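One chain comes next, on its own, written as structure tokens: the form predicted alone.
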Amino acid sequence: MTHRVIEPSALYVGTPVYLVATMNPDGTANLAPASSHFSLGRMLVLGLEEGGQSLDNVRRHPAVTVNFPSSSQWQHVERLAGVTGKDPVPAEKSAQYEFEPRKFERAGLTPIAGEIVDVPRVAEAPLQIEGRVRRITGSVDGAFAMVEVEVARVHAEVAITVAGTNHLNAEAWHPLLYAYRTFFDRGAEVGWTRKNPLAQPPEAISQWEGAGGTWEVIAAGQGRATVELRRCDGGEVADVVTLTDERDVRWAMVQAAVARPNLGGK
């Protein structure tokens, strides 16, 4: 594998886009697209630009909604790309931006009241988070600030959840991803982590385990996996199961990676 040194203008290697709603001084809502963020537990850390209306707003009124659009909604996001809620428009932005006080209308989106905070959500966004701003830390170069938001409530469209649980359905959820000034949908599922609560073992494995037996993945990859079913008394092999279902094979590859790191792909 060969590498070369590059100097990209930004390190947007691929993160979900979000629309952050904040409260303007006159009681109206500002809505702005962004992609710099990460989460830790019940905290979201948002990267917001200094001099922008969003950051000004949260310093004065520490509440936000963070709304994640689907990949099919990228045009709504792009409608906000050349506008700002700052009036007058800062001199350094005046050549590329215009003032827009009605951001929701400009984007073709609908405000819906928050249930916990007094900032509207984006009704069309499949995933909406209400939060309270707990701390704002300026960056070293003064160009942006890290805004720490405590999550107060999460609203998820029924279609992207797993019925009867608090889990998002990863296969149904298609966030709008941003990488190097380009929008993407997420790609095909290729595997899971071993902590994924939805990565259930195949039925034959579950039944054997429920009867007290043990098992071991012997081979996994290239569209098939082999699992030995072992007796509970001494671990003798009682049967060998061949898995060919795509999800079952991915499950086996996860188990193989955890138990025997060099097994996958044999």
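Predicted model, so just to flag it, every value in this text is computed and none were measured. Residue positions are given as counts along the sequence shown, with the first one as 1.
One more form of this protein exists, namely the form predicted together with a small molecule; it is left out here, but the text below deals with it.
*Asks:* Looking at the partner-bound form in the predicted complex, is K93 within 4.5 Å of the small molecule by any heavy atom?
*Replies:* K93: yes, in contact with the small molecule in the predicted complex.
*Asks:* Hey, in the predicted complex, is E228 touching the small molecule, heavy atoms inside 4.5 Å?
*Replies:* Flag for E228 set to no.
*Asks:* Does G85 make contact with the small molecule in the predicted complex, using a 4.5 Å heavy atom cut-off?
*Replies:* So G85 counts as contacting the small molecule.
*Asks:* Even though the partner isn't displayed, in the predicted complex is V17 close enough to the small molecule, meaning a heavy atom within 4.5 Å?
*Replies:* Yes, V17 sits close enough to the small molecule in the predicted complex that at least one of its heavy atoms falls within 4.5 Å.
*Asks:* Which residue, A32, V217, L44, A63, is the contact with the small molecule in the predicted complex, using a 4.5 Å heavy atom cutoff?
*Replies:* Flagged contact: A32.
*Asks:* Go through S36, S70, S39, T28 and name the one with a heavy atom inside 4.5 Å of the small molecule in the predicted complex.
*Replies:* For this set of options, the contacting one is S36.
*Asks:* When the small molecule is placed as it is in the predicted complex, which of 44-52, 236-244, 200-208, 220-228 ends up with heavy atoms within 4.5 Å of it?
*Replies:* Looking at the partner contacts, the answer comes out as 44-52.
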